[in-house]
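The chain that follows stands alone, in the form predicted alone, written as structure tokens.
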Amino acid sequence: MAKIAIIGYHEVPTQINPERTRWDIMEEVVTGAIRNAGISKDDIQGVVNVAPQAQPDLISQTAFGLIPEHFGLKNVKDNVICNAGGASTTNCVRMAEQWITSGMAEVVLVPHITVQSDIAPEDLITFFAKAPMHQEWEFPFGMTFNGAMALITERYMHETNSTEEDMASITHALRDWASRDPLSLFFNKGKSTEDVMNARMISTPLKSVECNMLADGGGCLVIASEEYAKKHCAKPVWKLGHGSDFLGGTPVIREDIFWREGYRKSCGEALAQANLTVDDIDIHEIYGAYPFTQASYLEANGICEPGEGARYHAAGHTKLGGKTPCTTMGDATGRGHTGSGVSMAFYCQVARQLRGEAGANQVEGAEKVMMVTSGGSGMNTLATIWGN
């Protein structure tokens, strides 16, 4: 099977800054990624856009081809957009892979931009409260994104005898990674477990710092064929395996409540395709947006005993220097939530770690990374293994 590789990436710092416009960010990430790849813009043969959330004008502009036109990408053969919520970037990479392996393109650009700070707060709150909820059976009864995830967290704590302090330790670990990352909204703003416990309650048992703060950001990947990557890139980041599982669109009727079965199936498929075991993975990058996902992922993959995920975090095993480094960009709770862009930030972080460019958060000797994304309220789990 032909391989693909990430040969270039660029990301702007996650901020709340309405003066930084969408096309300012677009200019920086697209030119930065092409420069990072060490190629000419004329080498780009396709553009697969990650759909932003709650920004209809930008969706139309990117869907209808303004990026190749704006940047003068004269050899582009096609331009598309993909919206799968938090799983959008993974699906964009899969589209790029299809174009490359079918022979349509050798090099594909995957950009994402989000600015939420110039949108009225009440409109953003309404959008993110309604978007992942069932409009007949959940939203009319007051269910919101935070409310649904709080109920799942409460159930997780009940079934595993995990305490609020155990759960708070997960956010402490995520903010610890974020505190050393200058691209994070929470750079130099770590939170102790006690800080998390003392934060304002949002929806029992979730405190404010265990929920997501909406922010602005952007990133861009350059994906290339195996032949092109070997010829033009000194540090390609190779896709080694992939697996997926669909859990369902409505949280209240979902059988796989904690996404464990989804993690088990998708990661198992990815490991089998890469001919690896979970013991071969050096870093686990888990995009779940809420702390319980960081715990249930570990349990699903046998990294800890069932029900021990939160306590595994509390023991410090998932932090820098721990035996199982997890989510080194801090997830949405540690990074700031940029809509579909959180998954883009994960991809950029995978490239940094495997190239040895992750700065103060570098996991020494990292050669294999498992990355998992999910869309909507957890409709799916998409696992991809990357290696250098």
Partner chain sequence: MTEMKRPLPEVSPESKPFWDAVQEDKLLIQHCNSCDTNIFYPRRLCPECWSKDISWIEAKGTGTIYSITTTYLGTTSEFTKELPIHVAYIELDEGGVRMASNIIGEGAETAKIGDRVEVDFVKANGDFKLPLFQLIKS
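Model, not experiment: these values are computed from the prediction. Positions refer to the first chain, counted from 1.
Note that the form predicted in complex with its partner chain isn't included here; everything after this is about it.
Not one of 272, 323 and 367 places a heavy atom within 4.5 Å of its partner chain in the model of the complex.
Put simply, residue 192 is far from its partner chain in the model of the complex: not one heavy atom of it is within 4.5 Å. Though the partner is left out of this view, residue 138 does reach within 4.5 Å of its partner chain in the model of the complex, counting heavy atoms only.
In the model of the complex, its partner chain lies within 4.5 Å of some heavy atom of residue 122. A residue is said to contact a partner when one of its heavy atoms sits within 4.5 Å of a partner heavy atom; residue 83 fails this definition for its partner chain in the model of the complex, lying far away. Residues of just one listed stretch (216-224, 174-182, 244-252, 276-284) have heavy atoms within 4.5 Å of its partner chain in the model of the complex: 244-252. Interface residue among 75, 101, 198, 204 relative to its partner chain in the model of the complex, by the heavy atom within 4.5 Å criterion: 204. Out of the listed residues 118, 305, 165, 159, 159 is the one that sits within 4.5 Å of its partner chain in the model of the complex by at least one heavy atom. Taking a 4.5 Å heavy atom cutoff to its partner chain in the model of the complex, the contacting residues in 122-152 are 122, 125, 126, 129, 134, 135, 136, 137, 138, 139, 140, 141, 142, 143, 144, 147, 148, 150, 151.
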